[in-house]
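So this first bit is one chain, no partners, the form predicted alone, shown in structure tokens.
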């Protein structure tokens, strides 16, 4: 089979098969984690990202320029975790090189792969070789060499796959941590599955793809209660749709619908725009959309009905789960002067603490459950404030937070918190009377003054710095690095405290998870106090999953 010209239908087939193969192997990718802690979510994040792209692609026609526009926008908005964001950037660069084209030839296809690599490298502040970036780069180089030799589309893709396989096999030599753990880079292997799936799609193999469920945004009880107190809404209908056409004008659409409501979001490209608004006149909004192009995926929700529904909480954990799941958050009037803080966290107790310290919203997410760019963007746009501080509180959420920052019409500052204790420290430095820039600087500086630890368990057998780790072992981490291994959480905490506490340390704070009882936590506090009488010891019920304890020392 020879394929000298790639069209929109071909690319659709490629993406569908790629999503199917990635979905089939996401559990394997999740297990390829350097540290055997329960946060191996690379496969899940990449699968959800490409699934979001496929949903957009399936709803467009077979014109290549429309397909790539949907690919870029769907992956951008659906990106989760660092691997998902990098994947979305690969897709974005790939799509950019095809804008306005109805078909491409092998050399153009290879150049599109190279453009994806360039975009992805630019999107990462400190690119690391031996990761998905390297696999993508070497695969694209091989594709270009194949195209120059006269290979067809299939031949070009085959050469990219061959080089990607060889590069992936070398990733343990590039990153010692991979070698010691006995794994290859998970993101790189995920990309290999995407390329292999694309080849299968071009070859006519049928894809067994089941769409990933759309994850609804969760807002903690205190945030939900705050929304519930708003009473009568200014705008009743949440209106969402996609506009498809040629030379679409984002600014014109934004300006046209601006007087009609709030929580306005218009993002996309010259061929496809995604529109979101809370309004009392959805018909007028749709008319403005029709002036630019054709409408797709229309969704109009009566938020008054949703408002009543969220007041009924799902009963679980003996009736103590204080959270609601919202398809679309109820939005207070936007545009107030002042600053809003949005934080990402898991655990009812952690959410309540963040709210008590001044967070306006708490987006549910963290280890193994990274919110998407769109989740974060909706929270930003749903804020009543014009200026926003965003606390990702996890290193794997920072890129998605920065991507949401770039998409928002509001003034957003991302404070790069990598843990809940850092997020709490940042909030303690927050002053609503100061400017966005001043708060950003102060909060970023504050997180440098806190040392953080965490206690969790090993999810698989592994090896770290010459020491064997067995599944079920209790792991003590400081700033994300494993420093101690034991059999009992309390003992591991005591060992961590010895590493963290210094002569000038004053406060030790522990946040205990949903697997720890109040009495066990209090016994631990007494032990720490006895060992370090010069420190104030504080304990809070965080309710976080997966991690027995989170610690901070100041």
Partner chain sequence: MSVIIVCDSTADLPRELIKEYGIHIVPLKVHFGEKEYKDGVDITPKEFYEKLQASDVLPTTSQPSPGEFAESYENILKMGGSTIISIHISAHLSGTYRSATVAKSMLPEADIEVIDSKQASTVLGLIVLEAARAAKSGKTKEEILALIGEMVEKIKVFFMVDSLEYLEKGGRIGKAQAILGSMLNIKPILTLEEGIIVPAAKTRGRAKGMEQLLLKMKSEIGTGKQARMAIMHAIEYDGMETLRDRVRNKWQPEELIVSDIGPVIGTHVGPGTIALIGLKA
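Worth saying up front: this structure is predicted, and the values here are computed from it rather than measured. Residue numbers count along the first chain shown, from 1.
Missing here is the form predicted in complex with its partner chain; even so, the following discussion is about that form.
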(request) Look at the stretches 46-54, 483-491, 503-511, 24-32 and give the one with heavy atoms within 4.5 Å of its partner chain in the predicted complex. (result) 503-511
(message) If we define contact as a non-hydrogen atom of the residue within 4.5 angstroms of the partner, is residue 430 a contact of its partner chain in the predicted complex?
(response) yes
(message) Is it the case that residue 353, even though its partner is missing from this view, gets within 4.5 Å of its partner chain in the predicted complex, heavy atoms only?
(response) yes
(message) Can you tell me if residue 259 lies within 4.5 angstroms of its partner chain in the predicted complex, counting non-hydrogen atoms only?
(response) no
(message) Against its partner chain in the predicted complex, would residue 424 count as a contact residue? Criterion: heavy atoms within 4.5 Å.
(response) yes
(message) Looking at 466, 449, 204, 150 here, can you tell me which has any non-hydrogen atom within 4.5 angstroms of its partner chain in the predicted complex?
(response) 449
(message) Which residue, 174, 250, 357, 122, is the contact with its partner chain in the predicted complex, using a 4.5 Å heavy atom cutoff?
(response) 357
(request) Scan 525-540 and write down, in order along the chain, each residue with a heavy atom lying within 4.5 Å of its partner chain in the predicted complex. (result) 538, 540
